[in-house]
Every structure is written in C-alpha cells, then in structure tokens.
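As structure tokens, the next two blocks hold two forms of the same chain, structure 1 and structure 2.
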Structure 1
C-alpha cells in the first residue's frame, strides 16, 4: 500500500501515541481496574494483569495498528482488503461494537458529569456512610431527566472534539488532556499517601500474596487487559490508518500499552491508600467508585476538593475513550459512504443519543423492562459487546491476519523498527499460535461458563 494523500494523518508521532493511549485509557482503567484488583487480591491481580498485557494486549494492539496502516482504511474497508468474502464481516463487527458500546458507555460517562456537578455543589459533603452514598447514587440513576441530560452532555462533549478531525480535533485535544489526566492522578496519589493509615492500602496493593493467584484471577486479568486497551472494536485499526509510514509501530504500541498500564496502576494507588486510611475495605465490586469513594472523600480534610478532582479525572478518561468509539463509526461512514465529517459526526452522535435513552432509563423508568433475555437494555448491551463482540472480534482479527491474509504480507509494516527483529518474530508467533487460544478461552469463560455459573 502507499500513502493516500487525501487521507487525514496524525500531525506527529506523539499526537498518535497520546490519542491512541487516550482511546485505551478509559473507565476500564480508573473505575473497573481498581475494583477488580480489590476483589482479586490486590497486588496478586496487578502482577498477573501486567503479564497478561504482554502476552495478549500488546500483540493484538500491534496487529490492529498494522492492519490499519497497511490498508489505510476504516475497519470495514480494511477487512475488504485483507479478508475478502465472509471475512469482511469482521470489519462490520468492529464498527457495530464501537457504536453499541457508545450507546451505554455515554450513560456511564454522564454519571461522571453528574458526580462532578455534585462534587462542585457540595452534595457529596453530607455523605457520612456507605448507606447514604448508595441512596444518593440510587436516586441519581433513577432520575430520568438527570440521566438523559447528562447522557446528552457527554455525547455533546464527544461530538465537539471529533467534529474537528483527526489532527485538529482528536490529536490536539489529546495533547492537552492526557497530561492533565496524569497531573490529576499524581495529586490524588500524593493526597492518599499522606493520609494516616494509608500504609495498609499500599501493602495490599503492592505486596503480592502469590496464594491469591487462582485460575479465576488469571482469566479475569486476561479479560480486563483486552477490554481496557480498546481492542476488538476497530479503534486501533482506525487510528492506525492515519499513521505515517515513517513512524514505528512496535515502539509506538509499547508506549501506548505502557501509558495505559501506568494509568491503571496509578489509579489503584490513588484509591486504595485512601480507602484503607478511612477504615474501609476494597472488596466492594463495581460500586467502589460511586458508592464507596464519596464516603472516603467526605472523611478527608478538604475532601470536596479531591472528590471534584477525582470525578474530573474520571470524566476525562471516559471522554478520551468515547472519542475513539465515535471516530470508528465516523471513519466508516466517511470512507465507505463518502459523507462529510460534519454530517457523519452529527448523525452518529444523534443516533447514539437516541439509542442510548433506553440505557439511560434502565435504572429507573425502564428498570423492570427485561425483554432482552431477562436483562435490562443497559445490561444486555454491556453483555453483548464486552462479553461477545469484542473478544470474538479480537479472535477473528488474529486468525484472519495469521492464517487468511498471512503475516508475511504485513511484516514489512514493522520494518521501521530496525532494531526489533526478534520482537517481530515473537509477535508473529504470538498472533498465530498464542492469541487465538487465549481469546477462545476468554470467550468460553465469560461468554459460556460465567453466564451459566455466575
């Protein structure tokens, strides 16, 4: 393939790395990673997670970026080139996954705006117990007008960035907001570490108990590393399609994965010392962020300030991932249908908002509407995408690249990494023989076993 002069490109390698890292860094890092670590032994889970990132996350990340730059197309166009026939459906699966995820992800993104507003207004200052916090959160998500309003505002913020294009919108925003994200994390970490009793949280999070490493912990870590990196949904294929041929894919991918992992680990370091310092425990599951942390902040000196900073951090993380999800859809429509960017962005944003309304109402007005295999609309979309569409998409990407199209047709995309011959060979072996097995195990565990035995 040759560079397409009509196609947008990243303005710089740094811009691509920060934008791709922003896509990977999301609620999965700051919301899901800490509570999974809390449920699965703290440091033991962190250690297993880092190993999983290397053996699964990084190889699939490289594969998606390779496909994107090799074809210079959106996911659908890319698989029309490297897959042909039924394989071209893999691209549609990626675009559909990104679109469907956004219909409920934007609702959770709206929660971060709502709690940011509550922090600024002082509403969280009155929280004195986890029961109070749970009641506040329940009232919040059951309020239809708040849910729809914040869902709309989050969509609006996402559209407002994507509409300005790859270099002028996504890259420029990422260069500003990613450093801000790190600054906020560091401030929260410093505050947590200076609280009396924080050392118990540090030991829990950084001193591994190897007896805690079980098959369940391993498979949970594998699933988390895959979902956290925005893999299987076409985001990295799309971002890779705008990458200059002068840039190195291997080294860039390592940096992207490194940034994503650092943010996840730092998030735990910001949360666990504070949780232990106020005498609470971390095994609270998904409610750790919205049900437990408000109590933690209310018991800290100047807690409202740090609550505001935390939910601002959570909003930024949610927004950077949402931008990539919308860009996947926009790239498909502009590439394959010839629409203008403005038309594509506004149409995609409008449809996501409308289809996200049932998800926004799934905890209140529509909480008893369970026509989707016994699940609310929100839960069904979450299960459909994260448990089935994403890992299946990742599996098909690995199999198509490794067996259908052939790795030999894309290895030259890694030639810029002149000092990484052995890494290229390791990557090729992993994509062909290891990644498919691991992804199949994830699908069987989350999509079959865990659905039968919760």
Structure 2
C-alpha cells in the first residue's frame, strides 16, 4: 500500500511516540499497577509483569502498529482488510472494550479531579497520619454526589478535547508534562525512601518470593500488561494508521513500551516504601495510591504545592489515555457509519456517563450490589475488560496477522528499521508461535477451566 495523500499524519516521529506514550501512560501506571502489585505479592507480580511486557506486550504493540500503518484504517476497517468475514468482529470487540473501560476509567479520572480540588482547597493539609488519609478517601468515594459530579467532569473534559480536536495541542503539551511528572515521581521516591521503616517496602516490592507466583498473579499481570500498554482493542492500530511510512515501527515501539514500564515501576517505588513506613497495608485495593500519597505530601515542605502539581499532572495523564479510548469508539462511528464527529463524541460521552454511574457508586451506595461472582459493578467492568476482552483481543490480533493475513504481507512495514539484531525475525517468530500459544493457554485456563472449577 502506498501513502494515502488524503489521510492526515503525525507531524513528526516524536509526535507519534508522544501520542502513543500519552495513551499508554495513565492511571494504569500510577493508580492500577501499584495496587495490583500490592494485592498480588509485590515483587513476584512485578517480575511476572515484566516478563509479560517483553514476551507479549512488545510484540503485540508492534503488531498493532504494523496493522494500523498497513491498512490506514480504524480497527473495524482494519480487520475488514486483514481479516475479512467474521474477523471483522475483532474490531467491534475493540470498540466495545474501549467503551466499557471508559465507564470505570472516568470514575478514577474523577478521583484525580477531586483530589486536585482537595489539594487546592487545603483539605489535604489537615492530613497528618495514614488514618486521616484513609478516612478522607473513604468518605470521598462513598459520597454519591461527589462521585457522580467528578465522573461527569472527567467525561466532560475528555469529550471537550475530542470534540474540539485540540488533542494535537495536548500531545504537544505532553513534551512538558511527561518530564515534569517524571521529576515529581523521583521527588516522591526520594521522600518515601528516606522515611524511617521504608526498607520493608523495598523488600516487598523488589525482592521476589517465587512461591507467591500463583495463577491469579499471572492472569492479573497479563491483564495489566495489556491495559497499561493500551493493547488488545485497537487503540494502537488507530494511532499507527496515522504513522508515516518513513518512521521506524520497531524502535518507536521499544521506546513506548520502555517509557510505560519505567513510569509503572517508578510509581511502585514512590508508593511501597511509604506504605510500609507509615504502617499501611499494601493490599488496600483501588484506593492505595490515593490513600498513601497525601500522607507522603504531608511529610514534605510545601507538600500542598507538590500535591496540587501531582494531581494536576495525573489528571492530564489520565485525560490523554481517555482520549485514546474514546477516539477508538468515535473513529469507528465516524469512519464506518458516517456520523459527524460532534454527534459521535456527544453520544459516546453521554452513554459512557450513564453506564458509568453504577461504577461511580460502587464504593458507596451500590457497594453491596454484586454481579458476576460477587464483584461490584466497578470490579466487574475491570475484570471483563482487562482479564477477558483485552487478552482475547490480543490473541485474535496475533492469530489474524500471523495466520489469516500472513506476516509476509506486512513485513515490509518494518523495512525502515535496519538493525543487526534480527529483531524483525524474532518478532515474526514470536507473533506466530509464542504469543498466541501463551495467550491461549492463559485464557483457556482462566476463561474455561476456572469458570467450571472455581
């Protein structure tokens, strides 16, 4: 396929990497990764996660970008080309996953706005102990109006950016916010590590106890790998479709995956030493980051300045990820159904808001409403997407590219990458023989065996 002169492209190679890294780096790194690690044995989880990143995450990242640039289409359109027939369903699965993820992502996105407001209003200044912080958080997530209001504001912000198409501006802005976020994480790490008692946290986070690697740890790490890298639903297919043919897919992918992993690892390092130092437990669940950081800020001079800056940047990082989720849904209805952009964005935003309300209430009013094996609506959406839809999407992407369409039809997409490490060949082998086998084994074990034999 030749360059389609009408299709818009990224302004520069850096533009693509920043946009893709902007999609990948989000709440998944700073909110989800630490609490999953905390619940799943700390260092054991980190180890399995890194293995997943290298043997599954990176190859599938490359595969999605290859598919995107090759077809120059949204995920549904792309699968009509490389898959045809029933394979088009993979594209729809991706659109549905983007939609479902947004219903709870925006609730946590709302938490970042709430905490930004709390830092500015001085509510965080009254925190002196971990008990204060836990109480503040518990009250916050149990308040139905605050939860719905902030959920609404987060969707509103996302819809606003996607509808007015200032995403380009935000991506350019990433050049500044990503490095600042990085510096803030380093400051938080230094503060956490110098608190008395922090060493127990370092041991928990970095010294793996192999006996803690259970099937649950493996599936959670796999789901998190897809979630954090924005894989398995076509977000990277969409981004790849705007990539110029001159750009190198292999080296860009390595950079995106590297940035995402580093931010996740650093977030854990900012959190666990402090968790142990102040006597919290690492198995706190989704509240972990929001519980611990205010305590760390309270032990820093000018803590409220750092807190404000941090929650502002976390909000923006969440926003750039949310944009990519909504973008997949919007690209589908505008490209394939001919809807206007405004109609698509407003309809998607409205539906996500409504379907997200039960997620917003899952920690308070609807705490005891259990669906699907005793999970709240919030947890159900998370499990449905990260544990099932994204890994299944990844499996189908690898199988469709490797077997249905044939890798030889797309290998020329990697021609711009000239290197002597046989990376192209290693990638092709992995996508064809390694990724599908491992994904299939894990999915069958959890999707089928675990359902029958609980």
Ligand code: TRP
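Residue numbers count along the first chain shown, from 1. For the two forms, the rigid core is made up of the largest set of C-alpha atoms that agree within 1.5 Å on superposition. Just so it is clear, the structure is predicted and the values come from calculations on it, not from any experiment.
By the stated condition, namely the form predicted alone, the first structure is the one that fits. Core-superposed comparison between the two structures: the C-alpha position of residue 219 differs by no less than 2 Å.
Once the cores line up, the CA of residue 427 ends up less than 2 angstroms apart between the two structures. In this overlay on the rigid core, residue 78 has a C-alpha that sits less than 2 Å away from its partner position between the two structures. When the rigid core is fitted, residue 179 shows a C-alpha shift of 3.3 Å between the two structures.
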